[in-house]
Ligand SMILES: CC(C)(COP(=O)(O)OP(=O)(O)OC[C@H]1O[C@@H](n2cnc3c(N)ncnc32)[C@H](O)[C@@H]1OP(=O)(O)O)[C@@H](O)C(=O)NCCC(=O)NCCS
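Only one chain comes next, encoded as structure tokens, the form predicted on its own.
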Amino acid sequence: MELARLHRACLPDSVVGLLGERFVRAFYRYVDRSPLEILAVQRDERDRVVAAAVVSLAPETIYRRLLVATPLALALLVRPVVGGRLAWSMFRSAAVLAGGAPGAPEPGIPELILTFVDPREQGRGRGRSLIREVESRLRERGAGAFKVRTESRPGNAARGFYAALGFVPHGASVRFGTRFDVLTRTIDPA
């Protein structure tokens, strides 16, 4: 699957990507079929996937749903160490919590959980276009805002990108041993 290959090329250290090509393909099959997720994909003039974004309308339950609907449990058994960390411990707390994902600022706010652009396409407005598409699709579903998490580290260009698009700080969280800034954006009703 072209989307899975691009994901692994653009986000090799993402939790999804570290679990291997097979899980990445299963992840995107799930997201594409899920009524609780939005998958936005952009293609170039030759119909190649060059950018994508995934939004969860129920981010507080996505890990639990992935455990049930994908080979996540198998991937965790096959690859018990991911990025130098014990893979199961990365998912355990999020998957078993009934009340919400760790660090979720507010239940019910959709979350942009992944966004990436082929490096050859960066700087061409693809990221902005993805965010506009996501916002439009969220507006159609009646959402008034959405959030994104980005790593709290010096030099993280994503923080500037999101700030330029009108995202505002809404706290911080720690997930899988990494500190994240949580940013939100209000969706204009028009």
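Residue positions are given as counts along the sequence shown, with the first one as 1. Just so we're clear, the structure is a prediction, and the values are computed from it rather than from any experiment.
Omitted from view is the form predicted together with the named molecule, to which the following refers.
- Heavy atoms within 4.5 Å of the named molecule in the model of the complex are found in exactly one of 62-70, 22-30, 154-162, 38-46, that being 154-162.
- In the model of the complex, the named molecule sits within 4.5 Å of a heavy atom belonging to residue 124.
- The named molecule in the model of the complex comes within 4.5 Å of no heavy atom belonging to residue 34.
- The named molecule is not shown here, and in the model of the complex it never comes within 4.5 Å of any heavy atom of residue 182.
- Contact between residue 128 and the named molecule in the model of the complex is found at the 4.5 Å heavy atom cutoff.
- Along 1-37, a non-hydrogen atom within 4.5 Å of the named molecule in the model of the complex is carried by 10, 11, in order along the sequence.
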